[in-house]
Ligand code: ATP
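Below you will find one chain, with nothing else, as structure tokens; this is the form predicted on its own, and questions on how it binds or moves follow later.
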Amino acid sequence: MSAVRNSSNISVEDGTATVKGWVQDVRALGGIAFVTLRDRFGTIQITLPKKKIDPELFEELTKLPRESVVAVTGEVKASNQTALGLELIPTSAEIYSKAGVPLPLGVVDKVNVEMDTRLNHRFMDLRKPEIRAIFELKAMMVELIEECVRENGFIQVYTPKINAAGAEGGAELFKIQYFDKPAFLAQSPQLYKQILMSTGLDRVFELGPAFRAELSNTNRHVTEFISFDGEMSWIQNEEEVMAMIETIVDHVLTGLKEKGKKQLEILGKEINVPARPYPILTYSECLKIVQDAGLPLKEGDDLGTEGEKIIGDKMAEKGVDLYFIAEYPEEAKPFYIMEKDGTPYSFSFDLDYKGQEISSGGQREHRYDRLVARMEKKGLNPADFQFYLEAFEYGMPPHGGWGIGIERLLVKMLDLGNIREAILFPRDPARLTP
């Protein structure tokens, strides 16, 4: 409770205290009643012996609907019947807000509620400790990411979310009207973080929203998510980028396992911290695995959700949760990825976690002429990307980077069934409110 967050700050000798929160439960047992009051930090029992407290106060508190918001002042007493080891005998109360009846969904009731109902009444859903625990862990995860990248010399940047062109050349973009011009919501900070590599800001990262206009209604797709992007200069190859991602992910998993003990216990979850280095599979190796499993893919095809799952199951048999898939066909990758000369492959990779891609990255093409040639090969008009290409005309170091979907990482870490579980107010093709 707010007033008793740390039980060492309050004792029987303190005499009185005021606690504030939501009425979780009311039990009237004749001559005595109990009100359970809840806030972010837990619950406390308000004990109402009918003959020892003001009759009006007894009536007022015992008639409150569940989820009403109150402040209760009273005498603190030790109790071996409560989880806190304390109870409060009330002397006064202030009713801030009475809850309507019936509730749109229960907070402590052990009843399965459909996802749509939960999301339609998200404010109530988030009152559940196990739901709040997910977002407390998400906040810790972001703190750990920032801690690790800063320790490794990265600086935080913020790139525009209203753009004139898409990083992937127009696919999956939300078109908007920007005054008298067409514009698009950013699907990635890709072009801008590459531009920054020409400035001397040689290690940058960004945590911000990204938008994908995919008409996908699955448990793993949403139209707005938080992307963790990094870019680093002076690399020799894409393996340096992979090593950096591995360092960051390991730091997050190790940190959450320790700092998030309380939340993990509430959720009944454990975090496994895989051994390093993470295995590296090639696209060709993965293609053979899925073909042997009966999936009719051919060279150059996207492994897809089903293919990723087959590979994930295969790796799970070996006790491996996290692994890289490298050397994708260059045709399957965006124009900014560097081709592997003399082969149909590229210096690219994905990081997969329990059978699902959570990150994509690679070495970028930093040579101006080759970058323009790749654009043209992809059917793009270089003139549409002049603001981006100019940075490559006047001195661009070798560089590479990655993008990680924060929510996808959290979902796989906690084995959640739906990415919407990891977003406060998710957006998908069917949901624009709340």
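Here the structure is a predicted model, which is why all the values come from computation and not from measurement. Numbers follow the displayed sequence, beginning with 1.
Here the subject shifts to the form predicted in complex with adenosine-5'-triphosphate (ATP), a form of this protein not shown in this document.
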Of the options 221, 128, 340, 122, which one has a non-hydrogen atom that comes within 4.5 Å of adenosine-5'-triphosphate (ATP) in the model of the complex?
221
Only one of 225, 184, 154, 278 comes within 4.5 Å of adenosine-5'-triphosphate (ATP) in the model of the complex by heavy atoms, so just point that one out.
225
Does the 4.5 Å heavy atom contact test between residue 61 and adenosine-5'-triphosphate (ATP) in the model of the complex come out positive?
no
With the partner left out here, check for me: in the model of the complex, does some heavy atom of residue 398 sit within 4.5 Å of adenosine-5'-triphosphate (ATP)?
no
May I ask you to state whether residue 408 is within 4.5 Å of adenosine-5'-triphosphate (ATP) in the model of the complex, using heavy atom distances?
yes
Report whether the minimum heavy atom distance between residue 82 and adenosine-5'-triphosphate (ATP) in the model of the complex is within 4.5 Å.
no
If contact means any heavy atom within 4.5 Å, which of 372-380, 28-36, 398-406, 47-55 contacts adenosine-5'-triphosphate (ATP) in the model of the complex?
398-406
For 357-386: residues with a non-hydrogen atom within 4.5 angstroms of adenosine-5'-triphosphate (ATP) in the model of the complex?
357, 358, 359, 360
